[in-house]
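Only one chain is given next, in structure tokens, and it is the form predicted on its own.
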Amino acid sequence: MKICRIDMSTKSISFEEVKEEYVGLGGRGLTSRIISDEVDATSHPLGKNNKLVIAPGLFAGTLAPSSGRLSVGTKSPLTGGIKESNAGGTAAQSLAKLGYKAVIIENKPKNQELNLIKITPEGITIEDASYLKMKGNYEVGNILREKHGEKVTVMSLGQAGEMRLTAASIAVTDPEGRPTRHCGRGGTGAVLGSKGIKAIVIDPGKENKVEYHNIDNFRAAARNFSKSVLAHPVSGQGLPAYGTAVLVNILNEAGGLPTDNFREGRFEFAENISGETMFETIEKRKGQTTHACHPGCIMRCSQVYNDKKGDYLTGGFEYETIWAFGSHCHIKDLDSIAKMDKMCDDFGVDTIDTGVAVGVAMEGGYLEFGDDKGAIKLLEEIGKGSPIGRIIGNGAAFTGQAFGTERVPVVKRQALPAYDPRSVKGQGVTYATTPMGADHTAGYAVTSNILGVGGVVDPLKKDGQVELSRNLQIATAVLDSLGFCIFVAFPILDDETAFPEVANMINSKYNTNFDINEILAGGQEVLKLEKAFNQRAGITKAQDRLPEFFKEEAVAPHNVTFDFTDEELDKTLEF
């Protein structure tokens, strides 16, 4: 495999052999290592000294199930620290088939310009893309597929990335060519925009350079692992049936569904926006209740949501999005929320930070809670690039400053996702301590706190939460490096045969002899270097905290606060 560097100041492209110390790294492990090695932590995120690293996971393009996620790493313009954001879609497998271990984009043009990067078996070219200026991701994808072929992968920016807004995402097309998968968190789209790049087209043609040391052993391990995934009640039944939106009713019942900007833990209209309601609506309108976000995904928790006329409205409609524009903003109309999801995909903004920003604007009096039509109009302003649109497109922290609002649910300036940290305490520990800023996927404690997966840890008590978050953050760093969907964690936590099959897959592909403990040690190393980068960037333990209102205000129905001491939180990633 090879690493490619694209220098956007000279438009030069170079290739290099993979360093020995990078051979065993992929996905997040590789992006974080390269950013840590090559980027001055004090550099400006949108300046020439920052870099953007695109890396498939170690299993990309292989027979391993649900292993097609792509990592993008950089210094975040939102958090000011190191960032890895990953997405499904077809990019990871296309790059792996072409033999790319990573693509590193560095420097920036002297003048503002828009370029297109094209990656094919013949090599890499840089072309003018000014004809795509201020177009949304859907139109960009349609234009580029018509020009370069229906089967190409398109990674692109919407208007938000061009404007370098700190909630800007990078869209990745799904198997149907729709820009529904996003490297959403941390403003990676703003960094790509700062490099003068509007889109990346990847066409693997008939190339497939994915190699195995022992394909028979790999195939056997992959088959056994697939059985574990499909046999688990969450990854094999709940997610394929209802998607991640199945969590709406579950979190509402648990009192952990943040409502009205984290004032309540239950939403009186939860049923209106639940996975069950979404399932019935999709069936009635002849959409797709189950859909794979990338080839080889066997959980198929994505979906295609049609409008009342039966025409495509949006896809990849996740729980966190439904929550952000739903109960967080007291909006109960699923069609309105679906429309906002489509708008975020098109403009290229993170649905979590944008939805929370809308709620914070409601908190500041710009709109009434529950005003879905007003919220839609507000999002339209992002696409226009108006002053209020730029405020919302810069995320919840910036919006809170703009409206002089004290109640802003962020950690390291990144918005909290859809689980109240007071009534799902393990998740709160992860929000506070992950180097990524508030990120539910960094250590998904909902597993043991709510779903009873991997044991039970009482979500309302402190006992065991720090250890739970620590272990999950380590395991997640491993899964992100392999390119796995986070939901393979469910069988890994409950089926003692599952993780050994992951080790078997690693060893049969790379001719290694790692055991489980050695693999988990790799996850620790990823977290160590991410923490070290953040410290060099000036992020201290003082930023590993939740906003003070979570300590001071008890949330109904359980009337609990986030009651961890600073010393307890600081122990989470002490290793």
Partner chain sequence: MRNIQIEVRLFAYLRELLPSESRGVKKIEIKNCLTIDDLMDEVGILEKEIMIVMINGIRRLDYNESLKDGDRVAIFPPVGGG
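Numbering follows the first chain given and starts at 1. Remember, it's a predicted structure, so these values are computed and weren't measured experimentally.
Just so it is clear, the following notes concern the form predicted together with the partner chain, a form of the same protein that is not shown.
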Among 377-385, 167-175, 289-297, 240-248, which stretch sits within 4.5 Å of the partner chain in the predicted bound form, heavy atoms only? 240-248
Assert contact residue (the partner chain, in the predicted bound form, non-hydrogen atom within 4.5 Å, options 220, 126, 143, 460) equals 460
Heavy atom within 4.5 Å of the partner chain in the predicted bound form: which of 317, 484, 225, 444? 444
I'd like to know if residue 280 sits close to the partner chain in the predicted bound form, meaning any non-hydrogen atom pair within 4.5 angstroms. yes
Indicate whether residue 551 is a 4.5 Å heavy atom neighbour of the partner chain in the predicted bound form. no
The partner chain contact at residue 266 in the predicted bound form, heavy atom, 4.5 Å: yes
When the contact criterion is heavy atoms within 4.5 Å, does residue 252 count as touching the partner chain in the predicted bound form? yes
Could you list which residues of 204-237 come within 4.5 Å of the partner chain in the predicted bound form, counting heavy atoms only? 233, 234, 237
